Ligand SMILES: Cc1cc2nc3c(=O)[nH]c(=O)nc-3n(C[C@H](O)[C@H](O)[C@H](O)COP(=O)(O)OP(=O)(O)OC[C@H]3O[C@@H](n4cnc5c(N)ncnc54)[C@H](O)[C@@H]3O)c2cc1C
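As a starting point, one isolated chain is supplied in structure tokens, in the form predicted alone.
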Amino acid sequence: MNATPTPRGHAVVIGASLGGLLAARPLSESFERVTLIERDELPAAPDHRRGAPQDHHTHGLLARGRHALDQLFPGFTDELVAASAPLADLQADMHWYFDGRPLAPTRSGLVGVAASRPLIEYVVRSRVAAIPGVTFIDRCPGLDLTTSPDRSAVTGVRLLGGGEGAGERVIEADLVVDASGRGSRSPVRLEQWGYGRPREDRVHIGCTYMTQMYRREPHHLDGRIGTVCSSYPGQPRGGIILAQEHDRFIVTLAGVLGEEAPSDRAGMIAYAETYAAPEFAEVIRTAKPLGEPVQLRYPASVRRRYEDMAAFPEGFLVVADALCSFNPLYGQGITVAALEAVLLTDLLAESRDDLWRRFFRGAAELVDTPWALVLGGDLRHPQVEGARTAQSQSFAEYMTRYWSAAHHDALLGTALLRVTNLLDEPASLLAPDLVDRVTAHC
């Protein structure tokens, strides 16, 4: 981490889910006190939270995200592994199906750790809680923001209860960070304060998850840690099988454009049998279920363009899913939140001046690539509304040939996984040597 000036002042983070926890890490180096405010009761162990229905479902920790988390919290990966989360090569130890064909397997050097969302959040929360000057207020049923008389700055948070039955009170702050998730009320508040709402980009995909946990046995997937099967034009169904800590598999059957998997065992098997990957039906048919299936609906990816605002209140930031919420099938959310925390570390080490403008511009650059991957993937479905340029259409056609070639050429698969793990830019797939390999197979 970069050296920072002597910590001073007080920062308040709205939301103690992963986005808020990750933001608290750099804030703790610049501010003497950091307070995280959460509506849920925070569990004392890796467990589900009522206000986080997504934590019942598969969460991907991309390679770049794992690197960022190890940067923010040295030893993070080791701690997950010590809690029995599997560590594996992302190409050799997983099967990836694109357009109905698996990537050729090989040792890629891309290392992933497979852990549940509750475990990841618990490890990060424990690390943050151990930082001097950091406190949590949970069970907070509601809050509002306080501002200066002219609305030029956010000055704190008004709590409407929270913790041990506490009544209404105001917590003053030098910086308030909105990490409240995709239901963030910041656009509404900004409009009420006279700033207007940020422009929003939306991609309506109509995604639905049906997720079930199973007991993992050594014979399942021939010992591999998972399988990913993406949807594509003509096949709106996809899914993920991923090993978890404590010898478990999490199986998510997904559908887009209104397609929904059933919740009964026979129906889930029948749904999974429509996949190109036979592993899904096999695991559901042979593994012991743990608990009941859980459904989650995700209507659209939303990107709020705060970087384009001409004015913004001082002492206020918006981060993580409150800034940009991605189609969860791409597994990008945790990684982007971690990268934003690294960015905030660097910015605060330089200065607090003009922080909102510097942060939103830097965050926009971070979001550009994962957002482009979401657009490129979702807009392949002709039913999804969105601008399709001649350039994007040409790249989509090239990628169709690329996926076909990667079924035979493992090096193409490695290059592709480096992009989906946000280590390389999509343009890297147009390198002359890769184009030649694609051409040789198509």
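Numbering starts at 1 and runs along the sequence shown. Only a predicted model underlies this, so the values are computations on that prediction, with no experimental measurement involved.
Keep in mind that the form predicted in complex with the named molecule is missing from the display, and what follows is about it.
> Is it the case that 18, 37 and 54 all touch the named molecule in the predicted complex, with a non-hydrogen atom of each within 4.5 angstroms?
Spot residues vs the named molecule: full contact, yes.
> Going by a heavy atom distance of 4.5 Å, is residue 296 a contact of the named molecule in the predicted complex?
Taking the distances in the predicted complex, the answer for residue 296 is yes, it comes within 4.5 Å of the named molecule.
> According to a 4.5 angstroms non-hydrogen atom cut-off, is residue 59 in contact with the named molecule in the predicted complex?
Contact check for residue 59: yes, within 4.5 Å of the named molecule in the predicted complex.
> Flag residue 14 as yes or no: does it have a non-hydrogen atom within 4.5 angstroms of any non-hydrogen atom of the named molecule in the predicted complex?
Contact with the named molecule, yes.
> Looking at the partner-bound form in the predicted complex, is residue 334 within 4.5 Å of the named molecule by any heavy atom?
It does: once the named molecule is placed as it appears in the predicted complex, residue 334 has a heavy atom within 4.5 Å of it.
> Pick the stretch from 175-183, 347-355, 225-233, 92-100 whose residues have a heavy atom within 4.5 Å of the named molecule in the predicted complex.
Going by heavy atoms within 4.5 Å, the stretch is 175-183.
> Since exactly one of 79, 279, 321, 307 fits, which has a heavy atom within 4.5 Å of the named molecule in the predicted complex?
Contact residue from the list: 321.
> Looking at 248, 117, 220, 303, which is the one with a non-hydrogen atom within 4.5 Å of the named molecule in the predicted complex?
In short, 117.
> Select from 70-107 the residues with a non-hydrogen atom within 4.5 Å of the named molecule in the predicted complex and write them out in sequence order.
Contacting residues: none.
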